[in-house]
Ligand SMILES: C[S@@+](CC[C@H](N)C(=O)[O-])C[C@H]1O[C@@H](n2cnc3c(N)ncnc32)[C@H](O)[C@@H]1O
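Have a look below at one chain only, the form predicted alone, in structure tokens format.
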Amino acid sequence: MGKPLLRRIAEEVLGEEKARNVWKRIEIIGDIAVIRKSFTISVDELKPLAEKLLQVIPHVRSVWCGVSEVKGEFRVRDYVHLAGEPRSETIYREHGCLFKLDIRKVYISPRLNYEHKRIALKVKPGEVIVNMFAGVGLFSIIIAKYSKPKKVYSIDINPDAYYYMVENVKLNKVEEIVEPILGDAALVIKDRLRNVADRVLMPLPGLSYEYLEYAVMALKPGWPRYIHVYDFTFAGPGEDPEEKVKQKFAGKLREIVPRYEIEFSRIVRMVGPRRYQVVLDIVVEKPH
């Protein structure tokens, strides 16, 4: 297998020794390229690399450096502009849909593109969906485009994400299906979305466990009802990340629903040394 593009360019521009300190992966979001900064290399050292990327990848118009982890209530990173056009807004394309966004104001990860389509293909005609942590609307809009849901309630607490979600619903012509809602998912569900959903999405690993009871609250009474949970876990030598997340959620599910089944699980991606993102597809019975 050949070296990743970013590592090859880094060796050419910075030399082999310094290139070892550059993250191997480059993230392309629309016409913006994002490089993650390691602790051992400065932003200034990355600028020649960014200029070279503009030459090598013709559709890239702007290069930014991610200088922090995802953080805060709105799950955004700090970025520094490296080269090209000094703008952070772009149009990202995925599965035939268009998503306008600003990388400095909202969370976006192209590495979730498989999950966006996988979940959409599980939705049955006529279902009502509650997406508790919708961001700029990727799960919600792709579901509306690829399935035949009756309604998708698409919630996010970040005002910028909500703004772009509204724009993206119009851009993809799904206004009759997707309803953007600004607010904390727990409060929105308690106030107006109790007992409405056939399926609930929880694509925010940091809050999925804490908010599980609100996901159940949003479901219609009966069986089967579906919850898609995303969570982070550390797994040491010999530990199974999927099993750790299953056991974690099983304890809480036993407290809040009369029966459940974990229908499917998979490791979505590695997010750090021994740290994994895992998805569980859970079938539950919602009490009457």
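What you see is a predicted model; the values in this text were computed from it and never measured. Residue numbers run from 1 along the displayed sequence.
The same protein also exists as the form predicted together with the named molecule; that form is not shown, yet it is the one meant from here on.
Taking the partner from elsewhere, residue 75 is found to have a heavy atom lying within 4.5 Å of the named molecule in the model of the complex. The shortest heavy atom separation between residue 167 and the named molecule in the model of the complex exceeds 4.5 Å. Proximity of residue 146 to the named molecule in the model of the complex: non-hydrogen atoms within 4.5 Å are absent; the residue sits far from the partner. The closest non-hydrogen atom of residue 83 lies beyond 4.5 Å of the named molecule in the model of the complex.
Heavy atoms within 4.5 Å of the named molecule in the model of the complex belong, among the stretches 204 to 212, 121 to 129, 170 to 178, 189 to 197, to residues of 204 to 212. Taking the named molecule as it sits in the model of the complex, the stretch 108 to 144 comes within 4.5 angstroms of it through a non-hydrogen atom at 112, 116, 132, 133, 134, 135, 138, 139.
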